[in-house]
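Here we start with a single chain on its own, the form predicted on its own, put down as structure tokens.
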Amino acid sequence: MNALGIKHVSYTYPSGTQALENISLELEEGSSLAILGSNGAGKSTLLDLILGFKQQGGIQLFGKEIGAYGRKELGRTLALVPQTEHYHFSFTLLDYTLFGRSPYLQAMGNPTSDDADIAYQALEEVGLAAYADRSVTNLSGGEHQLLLLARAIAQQSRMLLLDEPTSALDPANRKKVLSILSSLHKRGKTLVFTTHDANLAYALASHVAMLKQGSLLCFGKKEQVVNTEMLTTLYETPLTVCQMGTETLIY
């Protein structure tokens, strides 16, 4: 089954600026898609359309038009890991992760012990369970990103969307996030993430969509589209794809 179907989608901002033009692609369930491009290419706008943040036809999730989803059903289908999020209250890490269980709660209902167990397990998966009772206001930048990921994991959605998931991380936390996402992908989770980092795209994605000035430059399996010619065209600067043993490096 296709997890994501995008058919001839364009988007123009109210100001008249066209952000996306005639984007089409299909992604099978269990795949991992990197939306790759430079700043201003339209990556975040496309992610917003997939999330339903902006009204737009031509997008299907698991064979169903996104506009046909109810709020809770959409929450069980998609989970978002944003680049950052501001805290307005001093929640504990466990309480904050429990927000991921919202699509499963009855109106005005409280989380159950099962919900708390799922949230705690999500904190364990990202390595934050030992700090479950710590305030969210006492986190480092890397811990903050891991907490956002834990909340999304607790949501148990069919698809996980991530906006530049490693852009602000040091090498150690970048490696940790990559390991967690790789594990989720191997367990069948469909991943869609934006990035300007071609090395991250190749390391994590099964498929790559390259966006250039709002248009789809190419889309396909990473082995087919991530090459010296396409990356040099995408970024308008010489880039080389090099195989070193079992590792592919782009520089």
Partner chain sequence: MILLSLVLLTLLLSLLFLFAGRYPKPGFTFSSIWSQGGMAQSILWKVRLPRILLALVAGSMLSASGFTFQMLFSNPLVEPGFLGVSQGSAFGAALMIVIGTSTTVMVQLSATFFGLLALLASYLLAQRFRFGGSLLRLVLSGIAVSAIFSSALGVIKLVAEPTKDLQDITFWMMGGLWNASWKQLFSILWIVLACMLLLFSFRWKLNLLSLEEKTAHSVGLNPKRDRLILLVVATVGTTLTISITGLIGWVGLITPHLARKLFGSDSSFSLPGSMALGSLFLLVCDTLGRTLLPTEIPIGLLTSLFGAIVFIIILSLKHQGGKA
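Just so you know, these numbers come straight off a predicted model, no measurement behind them. Numbering follows the first chain given and starts at 1.
The form predicted together with the partner chain exists for this protein as well; it is not shown, and the discussion that follows is about that form.
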* To do: Have a look at Leu162, Ala154, Leu78, Leu93 for me and say which one sits with a heavy atom within 4.5 Å of the partner chain in the predicted bound form.
  => Leu78
* Asked: Going by heavy atoms within 4.5 Å, which of 210-218, 45-53, 191-199, 29-37 lines up against the partner chain in the predicted bound form?
  -> 45-53
* Report whether the minimum heavy atom distance between Asp170 and the partner chain in the predicted bound form is within 4.5 Å. => no
* Asked: Can Lys72 be called a contact residue for the partner chain in the predicted bound form at 4.5 Å between heavy atoms?
  -> yes
* Asked: Does Leu123 reach the partner chain in the predicted bound form if we count a contact as any heavy atom within 4.5 Å?
  -> no
* Heavy atom of Leu98 within 4.5 Å of the partner chain in the predicted bound form -> yes
* Asked: Mind listing which residues of 93-128 have a heavy atom within 4.5 Å of the partner chain in the predicted bound form?
  -> Asp95, Tyr96, Leu98, Phe99, Gly100, Ser102, Pro103, Leu105, Ala107, Met108, Gly109, Asn110, Pro111
